[in-house]
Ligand SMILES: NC(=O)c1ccc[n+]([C@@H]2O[C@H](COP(=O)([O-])OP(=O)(O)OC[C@H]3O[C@@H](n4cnc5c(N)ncnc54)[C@H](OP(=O)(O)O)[C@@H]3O)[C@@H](O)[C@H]2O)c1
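Only one chain is included here, represented as structure tokens and corresponding to the form predicted alone.
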């Protein structure tokens, strides 16, 4: 039987919280959650019972893997603060989709390092079963990948080993389908509020759009609307109605042009 690695999570934000919950519920031993402030630790402690600490002097130094789940610009600083404290055989892995694993290079001689990237949007208020979330692993070191894979497979049904550069590229479409789409929903909501319309009238349409993509797997085949039809009269009318929304008009114009150009070039 393969011995399961022990883990310490560094950070207490949305992703760290969900990692703590899911790892705690698995067969992997979560030894501690450390964060440089107490913020966020109490909720993790309440829902897992795992030891927490905001004192670097009390960092558990005996874990096999340290998963750094902090903001991208804090990864190297955080890793630098702990590398001299932990075992020389321990692994450090960050959870960023866009930051190269090389941000962890040269922190210490012969450091084992990599990336442990769950591709999902996380909020503490929403329950997320990581079993359904793909986890992407990157490392230049086969031994590190093996250890990270053991942990990842304990909490996810889809574990993918991916080159560092490809993981960073994957983060771009992730931003498109999550962050950008959510902002489009925000714009639609703002429009409805200003025009005294109900956003919930759009919910069935939002659901149908997503289900079509899941069923077909080719969003380019699912496009509908005035732009792909070349319905210039409807487009002119929309732009007329958007004159009272000058911040939205340029976006409408750009996206309409982009859809028209895409299908002109690909049909």
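Since this is a predicted model, take the numbers as computed values, not measurements. Residue numbers count along the first chain shown, from 1.
One more form of this protein should be noted, the form predicted in complex with the ligand, which is absent from this view; the next part is about it.
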Non-hydrogen atom contact residue 129 with the ligand in the model of the complex at 4.5 angstroms: no
Residue 190 within 4.5 Å of the ligand in the model of the complex, heavy atoms: no
is_contact(residue 120, the ligand) in the model of the complex, heavy atom dist at most 4.5 Å: yes
Distance check, residue 23 to the ligand in the model of the complex, heavy atom within 4.5 Å: no
Proximity to the ligand in the model of the complex (heavy atom, within 4.5 Å), stretch among 221-229, 208-216, 23-31, 62-70: 62-70
77, 102, 195, 166 - the one with a heavy atom within 4.5 Å of the ligand in the model of the complex: 77
The ligand in the model of the complex - contacting residues of 20-51, heavy atom within 4.5 Å: 35, 36, 37, 39
